[in-house]
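Let's start with one chain on its own, the form predicted alone, as structure tokens.
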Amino acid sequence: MDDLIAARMQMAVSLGFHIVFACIGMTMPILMAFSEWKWLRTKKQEYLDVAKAWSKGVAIFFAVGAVSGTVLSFELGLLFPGFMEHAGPIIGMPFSWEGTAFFIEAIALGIFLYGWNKLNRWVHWMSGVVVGISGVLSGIFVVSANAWMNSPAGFTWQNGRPINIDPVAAMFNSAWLSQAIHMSLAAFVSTAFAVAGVHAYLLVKDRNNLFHRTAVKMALSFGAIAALLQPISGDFSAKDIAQRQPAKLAALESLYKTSKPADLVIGGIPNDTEERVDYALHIPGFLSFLAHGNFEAEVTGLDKFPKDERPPVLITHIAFQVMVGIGMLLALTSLLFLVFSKWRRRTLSRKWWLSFIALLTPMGFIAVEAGWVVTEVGRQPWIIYGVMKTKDAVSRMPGLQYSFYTISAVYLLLTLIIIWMMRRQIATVKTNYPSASLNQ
């Protein structure tokens, strides 16, 4: 394993784990605060019980996210020193703001966890709101830095170095808004459906449990709204990518030849040798519409780029198909949930529906992982799009493969610890919250 592959694999493993923790950290505090708000408004005990149970999960994932995020910050400097040498002064601001948001979140979470029965109820609830807002802002600030890598701004590149640095322009680059919206919605979809899935699984085993029924309904309500908004966000992102990163868009759709109009490709396996897509379904002109809002518009293909500047088509295309496929599945599920909630409420208590929701537990996170593959692999070979290639930023330190093996083992151990802690938490919930009548 050469140094470039080892460095990229280590970052992939670290990001792959951390993004799950980040999504949960952005979403669970909002769910927690909403549940407490429902209790304050209705005085129903089940809402308070759910808020307290979810707060323990927030604490666990906050601690784990802090560890994995710290590892990532060190890895950027150790594995890609060429990148940090030039990028650090430009995109340092969003990272500093992320640190500030994290600091506020930590304080507010401590107040929330230890303030039960000690603070005014509404003051206590406000501390939870601060945790939720800080968590979302932390994610947005980090996404802003990643967006800069896709759409570098706020500097002039001269003689291999950045000059005329404007950190505000860098932070609010042309990609940050579309990426921030898309990632925030993805966090809510993935986490809300995972939470609903876990409670739905437990509800199948104990059909009259009011605690789990309340949790499923609240989580799905958030997940449904986010999942139905996500395709709109995806369309916004696609049009943005078509303008800024046409090579990425071409790789997403395996568009080897510039076409006017261009077909939308569904499924299929890219064939780089023959430059075609095998076993795919083609929808005439639809890619032109999605990219430019015109069924007859020209869409730039990979033939317009040198072969050494093309993203890996196979990985990017398959990851994109997985992300879109799961996104549409969750959007359809969300639509059914809203319909059933309005006209067929009994269906939401049926075993088949609860089992289906339980099966969806990991799907949102799979879509998030696929989406990050699209974002990162689709930018290759650039680490700073159009400015610096990944191979020019990687560390020359020997033995990077051993670092990769070590980090992978640490994250695997961390995952096992999380599973053990969450299983204990769920077992406690089952003990402390017995069944209640469906008519209650």
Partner chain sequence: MLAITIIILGVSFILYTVLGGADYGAGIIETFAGRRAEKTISKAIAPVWEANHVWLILAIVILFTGFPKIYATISTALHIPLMVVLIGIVLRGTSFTFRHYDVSHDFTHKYYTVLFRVSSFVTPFFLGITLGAMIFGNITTDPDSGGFYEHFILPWLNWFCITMGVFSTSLFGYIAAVFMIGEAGYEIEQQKYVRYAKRLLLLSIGIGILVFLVAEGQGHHLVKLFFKSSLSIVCLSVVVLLIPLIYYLFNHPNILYLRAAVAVQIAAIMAGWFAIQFPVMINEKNGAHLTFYNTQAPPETFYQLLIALFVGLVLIIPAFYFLFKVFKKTKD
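Note that this is a predicted model, so its numbers are computed, not measured. Residue numbers count along the first chain shown, from 1.
Just so it is clear, the following notes concern the form predicted in complex with the partner chain, a form of the same protein that is not shown.
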Any chance V123 has a heavy atom within 4.5 Å of the partner chain in the model of the complex?
-> yes
Check whether A106 has any heavy atom within 4.5 Å of a heavy atom of the partner chain in the model of the complex, and answer yes or no.
-> yes
May I ask you to state whether V198 is within 4.5 Å of the partner chain in the model of the complex, using heavy atom distances?
-> no
Heavy atom to heavy atom, is L48 within 4.5 Å of the partner chain in the model of the complex?
-> no
Can we say T70, L76 and M84 each have a non-hydrogen atom within 4.5 Å of the partner chain in the model of the complex?
-> yes
Among the candidate residues M388, V377, I407, I30, which is the single one with a non-hydrogen atom no more than 4.5 Å from the partner chain in the model of the complex?
-> I407
State the residue from W343, Y114, Y279, W352 whose non-hydrogen atoms include one within 4.5 Å of the partner chain in the model of the complex.
-> Y114
Tell me, please, which stretch of 249 to 257, 303 to 311, 289 to 297, 95 to 103 lies within 4.5 angstroms of the partner chain in the model of the complex when heavy atoms are compared?
-> 95 to 103
So which bits of 225 to 250 sit within 4.5 Å of the partner chain in the model of the complex, heavy atoms only?
-> none
